[in-house]
Structures are given as structure tokens and as C-alpha cells.
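As C-alpha cells, one chain now follows by itself in the form predicted alone.
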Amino acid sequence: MDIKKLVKPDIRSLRAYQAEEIPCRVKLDANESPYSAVSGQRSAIGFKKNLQALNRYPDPQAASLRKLMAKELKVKPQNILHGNGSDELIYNLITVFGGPVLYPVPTFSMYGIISQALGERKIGIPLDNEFDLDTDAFVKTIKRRSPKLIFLSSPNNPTGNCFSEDRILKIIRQSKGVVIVDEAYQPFSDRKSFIPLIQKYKNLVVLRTLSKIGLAGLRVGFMIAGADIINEVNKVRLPFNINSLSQKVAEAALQNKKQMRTDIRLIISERKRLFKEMGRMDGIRPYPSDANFIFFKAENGDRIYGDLLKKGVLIRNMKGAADSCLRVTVGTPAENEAFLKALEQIL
């Protein structure tokens, strides 16, 4: 039996997302925080009690966690929906609304991968020379193709920059579908969140995650939107989608935000230092970043990526998104110093 003949054509032609685990002494490839948001005694809050209760299903509504996150984001609990990471919420949105699905390129690859996996048409619009949204191209495509969903990651991955607020607003106003502003990296930016605008724009959805601020291992994400959208997407949410331990550890972190905010400030400070030092190197062009990583162009990027790996420093080769471009996550001061020294030696 040829199993491939049973597989849907869209899946046969799909390439799986590659999240490779390459053992390395300095790991700066996945945009994770180098600091745990829950450490010491804080990690034990409610932990023993919940270990004893693992014979019970987790709270399907994640009511306590949603309440805490709603307070943090200054929204009502009915305007927030929990997901097993932002990926699951992206999947649910495309399941509910369908396609066409519109997004800029390069951007977070899961928008296109999930669209194709669900058999929906995907449309990528190239960013302009400043890595900003080409609003003319977006508006023309909106009028011609009537996309059901538009994904805008701001700050954008992999370019690191925030899109212009006026361009995002123009797309929201022009669209007759749902516009999702993915703010996974917003905690590292001084730009305002779009969350306060969900009451004004009924077709606006904002995504947030705990993955970039020290809790990547929990897989906890949130969708913020009007109650109408929340109710529809909740219909396809799998029951018990966030396990008990993830819920309780996330709650502990949100109840003790002081250390998390300190860590974010340190990452921003180190990002500025990395950008400055990389800008002094011949053949390296770092781009301004509002995220916890730096996107940069390098002469012979493939060679630099390989040579860094030989020195025990793992970053991300972005050759599939842009020629001779690489992306380095902001790590601890010691990790960043190791990266800078290795890069300088290679150059």
C-alpha cells in the first residue's frame, strides 16, 4: 500500500516545520528568553498540590489563568481565550474562518504552513525595502481576493521591526475579514499594543504568548478579541488544551512579575549592545529590532553560520527568508559575548 496516495494533496506537498535541536554550548537560535520566569521557591507555588491532583483533568476554561492575564492586559476575561501556544490559536482561527489567508513575507512561517495543512489558499505579500508593510499591495489584494484572515506579526519575525501603526490601521479598516496582529514580541518593544483597539475594530484580534518572556516550555498563548470572535473560535478549541501544570506555573509567574520585567529590561539592554557591536564589524549589517533577537545581513551567510556552529554557537540561518541573512537571539551577557567574539574571529 502506498500511504502517500491516501494523503491529501495539500499535505503531500507540505514541508514540515523544522524545529531542530542541535546540541550547542551557546544556543541563540529559537528566540527563547535566556531566563526562566519561574525560579526558586516561586516554581513550587501550588506545585506539590497539583502533582497530587494529576488524576483529575485540568480546568477546561483555565479560568484562574485567564483572569490573571486579563488583568495584566487590562481586558475583560470574556475577551481572552487560551491556547496551547499561539500556534494552536492560529490553527483555530484558520479552522473557523477559512481562507484566503493573507500575510507579509518574510514572516512567521506557521501562518502559511497551517493554512496549507487545512487546505486554505495562502497569499504572501513581500515587505518593502524598509521591511514595512506594502499597504498598496495589501489593499489591492484585499479588494481583489477578499481574504478572510490577515496575519500581521508586529514586531515581525524574522525582521525584528514593528510595522507602521498607520499602515496596520489602514489594512484593518480596508479588510472585510479578520485581521490578527501577532504581538508575540511586543514586551520587548516601546511601541503601543493594539489590544486597546479591539473595542473600536470588531474585526481585530491580538495574539500574545508567554513563550518569549521565560516560559517557552509551558506552551501558553492567548487571543484577545471581541466576545463574538472569542465565542466562535472557542467552538473548535479542544477541551483541556492547557494542562494543569502549565496553568499553575503560568499563574505563579504572572503573580510574581517583578523578576520577569527585570529580565525583559536586561534583554533589551543586551540587544542594544549587540546591535552596536555588530554594527562595527565589516561585512555585517544588523537591522534595528523591537524584539528579543537581531536580524542581520552578512557576506557569505552560510559560511558564517557553519563556522559559528563549529565554535559552539548556534544561531538561525534565514536563507529561506532572505539571502545571506541570519538571526541571533539575545542571550545572557556571557552568551552574547561568546557570540560576538566568535563572529569577530570568523570575520
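The numbering used is simple: start at 1 and walk along the sequence shown. Fair warning: this is a prediction, and the values are worked out from it, not measured in the lab.
Below, we turn to the form predicted together with a small molecule, even though it does not appear here.
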item: The small molecule contact in the model of the complex: Gly85, any heavy atom under 4.5 Å; value: yes
item: Contact of Phe194 with the small molecule in the model of the complex (heavy atom, 4.5 Å); value: no
item: Tyr201, heavy atom within 4.5 angstroms of the small molecule in the model of the complex; value: no
item: Close approach of Tyr185 to the small molecule in the model of the complex, 4.5 Å, heavy atom; value: yes
item: The single option of Asn157, Thr135, Ser175, Ser246 touching the small molecule in the model of the complex, heavy atom within 4.5 Å; value: Asn157
item: In the model of the complex, the residue from Arg271, Arg237, Lys212, Lys148 that sits within 4.5 Å of the small molecule by heavy atoms; value: Lys212
item: Proximity to the small molecule in the model of the complex (heavy atom, within 4.5 Å), stretch among 204-212, 98-106, 159-167, 124-132; value: 204-212
item: Triplet Tyr111, Ser153 and Arg219 all within 4.5 Å of the small molecule in the model of the complex via a heavy atom; value: yes
